[in-house]
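The chain below stands alone and is given in structure tokens; this is the form predicted on its own.
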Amino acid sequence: MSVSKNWKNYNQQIPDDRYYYARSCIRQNFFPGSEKTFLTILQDLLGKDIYDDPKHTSCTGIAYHSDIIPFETMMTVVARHFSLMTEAGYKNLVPSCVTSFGLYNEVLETWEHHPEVETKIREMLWKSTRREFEKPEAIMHASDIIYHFRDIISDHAQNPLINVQTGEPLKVVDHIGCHYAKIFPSKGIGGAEFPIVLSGMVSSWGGQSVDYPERRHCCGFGFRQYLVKANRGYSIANSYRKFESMAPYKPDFIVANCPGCAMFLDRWQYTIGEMKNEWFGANGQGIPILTYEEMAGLVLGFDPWAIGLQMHQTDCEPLLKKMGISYDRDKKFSLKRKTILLNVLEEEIQ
């Protein structure tokens, strides 16, 4: 089969509007500014109808993949998500998390081949919640949406992926989540063979996508590799292997589309530095890791602290300087909640 025919199989048709957004439990905890940035881009810049449902819950993916809850329980929770989407009047499901993306597709694939399972889950959902649902017409990961509108974002770019000190494109290595590209390769843009969802953004926004030997290697999370304490050495060893592989190419930053991958590539760099005094970036620093939402936000000129870059353990300020982005370092940890809390305490003291 020719490359063009292969690519045609993986080139997804992305709806232009009316999205039902499914938040990520990991993304909200570790990089909470990313999802807000995504919604701001979709609603304010692109003028799209995307519904952020307060009734939505975790997909239970971590518990399912860690053998804590059974398959039927997970499917019933997912069926409830479909019912919320149906209730809200949407048909295009956009999960923020790649684990959710893989899970939703796994459920639909199971029901396609085993319709009796779908019937059973519908009965379980009705008995437990009195809810019914229609299945999504389309499921696309949130990174697919940004990729789909990458050229429009480029037209509004204030900070292209250019090193303002040298005039050269920034060197970017990408990491695509396994649950996006490897479980059901035909569901993601480019699949496991031609993954372009992140490198396509990088190229459109002026950067240089850099290949490296362990580009498709696991980030090290792997659920049970980390959740079981005795396995964490295996987790960090996987991340270390990736860092060793990319370091010779001197990337300016890493971009990931999986919430867990971004978190581990960020946290494990700090951990390895503390353990071994070994750093993979320039001048004894780590390699900044961005979510694709944060990368898009910087390109569009969003304030670095408003999108949450202060939540990273691997310092992103060297990247901001390369991009020529002005920022107020004194406001890095000046959170509104802290200000409100201090005002309340002062009133109580008085």
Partner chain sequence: MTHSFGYSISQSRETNWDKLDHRFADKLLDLEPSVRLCVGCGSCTGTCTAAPRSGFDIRKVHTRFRRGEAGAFVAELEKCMFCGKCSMVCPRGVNIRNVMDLMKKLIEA
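Positions refer to the first chain, counted from 1. Bear in mind the structure is a predicted one, so any value in this text is a computation, not a measurement.
We do not show the form predicted in complex with its partner chain, though everything after this point is about it.
For Gly167, no non-hydrogen atom is located within 4.5 Å of its partner chain in the predicted complex, even though that partner is not displayed. Using a 4.5 angstroms threshold between heavy atoms, Lys229 counts as touching its partner chain in the predicted complex.
Contact annotation for Lys276: at least one heavy atom lies within 4.5 Å of its partner chain in the predicted complex. Among residues of the shown chain, Ile236 is one whose heavy atoms approach its partner chain to within 4.5 Å in the predicted complex. This chain lacks the partner; the member of Thr86, Ser154, Thr110, Thr271 within 4.5 angstroms of its partner chain in the predicted complex by a non-hydrogen atom is Thr271. Only one of Arg131, Lys120, Arg241, Lys135 comes within 4.5 Å of its partner chain in the predicted complex through a heavy atom, and that residue is Arg241.
Of the candidate stretches 198-206, 102-110, 158-166, 263-271, only 263-271 has residues with heavy atoms within 4.5 Å of its partner chain in the predicted complex.
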